[in-house]
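As a starting point, one isolated chain is supplied in structure tokens, in the form predicted on its own.
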């Protein structure tokens, strides 16, 4: 962390907000207006880092990957100064040329033709799940829908072993929790870490992967010399974290949007253009990933402020997605809004690897829901799941109104 002694610049506001406190993580959107209004860049005393919360500066930091690097960690820890809790991701925590090599490999694994081959199967499974849910008076939109559907399709696509797949949900939470400080939220989230990490470690080994999944395809790339076999194992691990949280929390937050703005669901139809627009708006309105850090590789300037080498800069993705400088009426959730340009999946070369997977899962599920449902309403208060990086809901009771 950069010492506050080095940030005595007259243009730089200082905020007492702790973005990893329980009060902030319970309702970060309450704090975002102050962060945007105080200026294009500010200093956070609580963590000893710079912060940006406006759309322009957030996208500027994320796209300038040569200056604001990821290889020193996208969390609070600086990998140049301390050992990461696990081997760094070859995608999320890597810079070019390593990042470009591994990203190009993984883009071929989850290319659109590969996904399209699964689309009919996923749509059929989405319809089956929706048929099960509409028979209930109420259900939990997180555990019964947002978690259930990805677990019915994603592990099979990767080719994961059948036993212990529930560890995927725990593992994704652990990874994103670790991007913040080692606070009480981090320690609480590590309660089941050993079992989940052990399972993921075994699940990513070639001998435990099924022969026709994406995981085996990664190892076949290693056979061709596109990466080493040790790298292949780590890339399968990255695929697991990228393919779960984006979908589970993205769908959960979207369902929450429908309960808060109940007229919006009926404005969506079953077409992919409509469901995709709705999913994008959900990602903008209540971003799955709230924050990511970058580290200044050298002294630079941002919004007129000199940033010393080694400084951590925290990008508030969710705050940027409700920036009134970029969006009209940004606090409103509207499925007819064109939300392109949102940073809910990140921005630049490190944009989320699993975004196409998340989009296709969401398309299948939303289309199946809209075919049978006219309205989604709240059946009880949501329960927030605290995480240092993710905007996550643990429970969301809902009631559906059927067509006809």
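Numbering follows the first chain given and starts at 1. What you see is a predicted model; the values in this text were computed from it and never measured.
If you look for the form predicted together with a small molecule, you will not find it shown, but the lines that follow are about it.
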Segment assignment from 245-253, 134-142, 221-229, 203-211: heavy atom within 4.5 Å of the small molecule in the predicted complex | 245-253
Quick one: does residue 91 come within 4.5 Å of the small molecule in the predicted complex, counting heavy atoms only?
-> yes
Considering only heavy atoms, tell me if residue 294 and the small molecule come within 4.5 Å of each other in the predicted complex.
-> yes
Can residue 58 be called a contact residue for the small molecule in the predicted complex at 4.5 Å between heavy atoms?
-> no
Could you tell me if residue 376 has a non-hydrogen atom within 4.5 Å of the small molecule in the predicted complex?
-> no
Out of 172, 289, 126, 319, which one falls within 4.5 Å of the small molecule in the predicted complex, going by heavy atoms?
-> 289
Of 72, 99, 277, 167, the one that lies within 4.5 Å of the small molecule in the predicted complex (heavy atoms) | 99
Within 4.5 Å of the small molecule in the predicted complex, all of 24, 177 and 182 (non-hydrogen atom) | no
